[in-house]
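Given as structure tokens, the chain that follows is alone and in the form predicted on its own.
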């Protein structure tokens, strides 16, 4: 994480989840797991977020919100799908109103499996997303230099 100039901020959205993964995600913020030791800051504003954490499957209403939040996030950004529902629709995948996983709507960079995903897995997914974010930031800086020349 040497290239990043600031702490990465995460935005969490619970699409149509059972809240199992949401509870585990919130457990990551407690002193027991302490995701803030990696410099992670939780935000409610997509315009400040670098990492988009999504739990739950996608239906028509949540699709609009997910697309809107993703569009508001500045580049570079990373999307992390947390839990079986976010990966594939989970136990709800055969429901009439479920499209499937988050990758049916927006590009996903990191998949965190589980039902419910454990805090250790979620932290591992966030740390992996930091590497991707750093690579994208370097590439963006390289492209800016090319344009400036």
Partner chain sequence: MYLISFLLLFSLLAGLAIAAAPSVGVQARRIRFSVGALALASVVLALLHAHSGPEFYALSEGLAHVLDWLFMLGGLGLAVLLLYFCRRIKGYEWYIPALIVVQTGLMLYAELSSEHPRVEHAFYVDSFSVLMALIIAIVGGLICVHAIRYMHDYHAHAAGQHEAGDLDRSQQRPERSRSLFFFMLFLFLAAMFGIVFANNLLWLFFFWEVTTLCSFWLISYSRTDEAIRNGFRALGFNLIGGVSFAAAIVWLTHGPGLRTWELDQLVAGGSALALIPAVLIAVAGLSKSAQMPFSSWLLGAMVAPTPVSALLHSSTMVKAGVFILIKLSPVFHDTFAGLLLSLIGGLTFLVTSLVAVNQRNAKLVLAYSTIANLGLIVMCAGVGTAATMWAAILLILFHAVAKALLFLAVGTTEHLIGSRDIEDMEGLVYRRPAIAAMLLVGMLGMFLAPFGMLLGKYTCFQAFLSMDVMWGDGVLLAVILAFGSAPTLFFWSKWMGKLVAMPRHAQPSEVPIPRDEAIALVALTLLTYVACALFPLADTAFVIPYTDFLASLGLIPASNLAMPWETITLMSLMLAGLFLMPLAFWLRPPHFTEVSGYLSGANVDGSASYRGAMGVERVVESRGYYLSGFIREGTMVRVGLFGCGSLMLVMLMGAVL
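Residue numbers count along the first chain shown, from 1. These numbers were taken from a predicted model, which means no experiment stands behind them.
There is also a form predicted together with its partner chain; it is not shown, and the following applies to it.
Judged by heavy atoms within 4.5 Å of its partner chain in the model of the complex, the contact stretch among the candidates 117-125, 39-47, 97-105, 84-92 is 39-47. At a distance threshold of 4.5 angstroms between non-hydrogen atoms, residue 27 is out of contact with its partner chain in the model of the complex. Each of 65, 68 and 72 places at least one heavy atom within 4.5 Å of its partner chain in the model of the complex.
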